[in-house]
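Next comes just one chain, in structure tokens: the form predicted on its own.
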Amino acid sequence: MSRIRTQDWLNEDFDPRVPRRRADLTKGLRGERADRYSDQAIIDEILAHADDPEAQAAAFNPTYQGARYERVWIRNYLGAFYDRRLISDVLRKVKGGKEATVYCCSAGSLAPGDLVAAKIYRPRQFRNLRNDALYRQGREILGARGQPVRDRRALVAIREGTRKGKEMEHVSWLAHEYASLRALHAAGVPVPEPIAFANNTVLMEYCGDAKRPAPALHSVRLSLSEARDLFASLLRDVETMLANGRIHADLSAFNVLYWRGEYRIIDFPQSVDPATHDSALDLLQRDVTRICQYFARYGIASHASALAQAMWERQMI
């Protein structure tokens, strides 16, 4: 296996074909942090999340190769889905972010539709999230198969913040998104249909086509009629989520995909349970406020605080 540079790994837009200045190669990693995240540590962290990585890396040879670091995690994380005939190929990178990267894949014979989205999370120490403790409040810790963790030693490790405990929190963060997608899809909320969860990856319905992913709502221009209908639909969805024990907690026009008159609400790892979270009403109000702010550009007047309060009273009191 070829070695990869830590700097390449952390730079989601790295392209090995483009010459880079020396200053660019060291940007973002300095001193003790650079020493701690060695090339081998990165590879070890990737392989720690893969089932039988050596076998999968040998059998799976996707069309999309990407940068050097991408080849490592694509082959090792998605190989299991290839073996299970849930994907047949990786076609392109759709979106890179500080928490995860999404790829467009050809569906395997046992997956629905023609295309599948694979959301691969960065290993725990390379995620860049702020205040994620806010969203963990009141949550059960979920294991690698989505089951609640009851083991006393494991819970102590999490409480004490050991390396093992932090790793379990990372796995739980991913499992929570998959569990939320399953619950909300079953409740009829327009979220991507979840397909599978394993290997640091959530496999789900793809929105768009092979050439172009569905754009986020913030970059779409709607007719006034479309805007009014979508505004009403999203508010109903927020209340349906609330009725089914979920508040998105980061909902905005950036987390709604719009494609040929249909839409999907995405990105649920930070969603919270309104029955157990102390700031649930505040997070609900923030979600509703962001929706109202976006649709104000179409001249749709609303009172976000009153809308959120009314939802809360109907569903929670």
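We number the residues from 1 along the sequence you see. Because the structure is predicted, anything quoted here is derived from the model rather than measured.
Same protein, other form: the form predicted in complex with a small molecule, not shown, and the subject of what follows.
Of the residues I266, A67, A280, C292, just one reaches the small molecule in the model of the complex with a heavy atom at 4.5 Å or closer; this is I266.
This chain lacks the partner; the member of G97, G138, G143, G108 within 4.5 angstroms of the small molecule in the model of the complex by a non-hydrogen atom is G97. Considering the small molecule in the model of the complex, the lone stretch of 146 to 154, 206 to 214, 236 to 244, 82 to 90 in range is 206 to 214 [heavy atom distance within 4.5 Å]. A residue is said to contact a partner when one of its heavy atoms sits within 4.5 Å of a partner heavy atom; L257 meets this definition for the small molecule in the model of the complex.
In the model of the complex, the small molecule sits beyond 4.5 Å of every heavy atom of A179.
Looking at A175, you'd find every heavy atom of it more than 4.5 angstroms from the small molecule in the model of the complex. Contact annotation: A117 falls within 4.5 Å of the small molecule in the model of the complex, judged by heavy atom distances.
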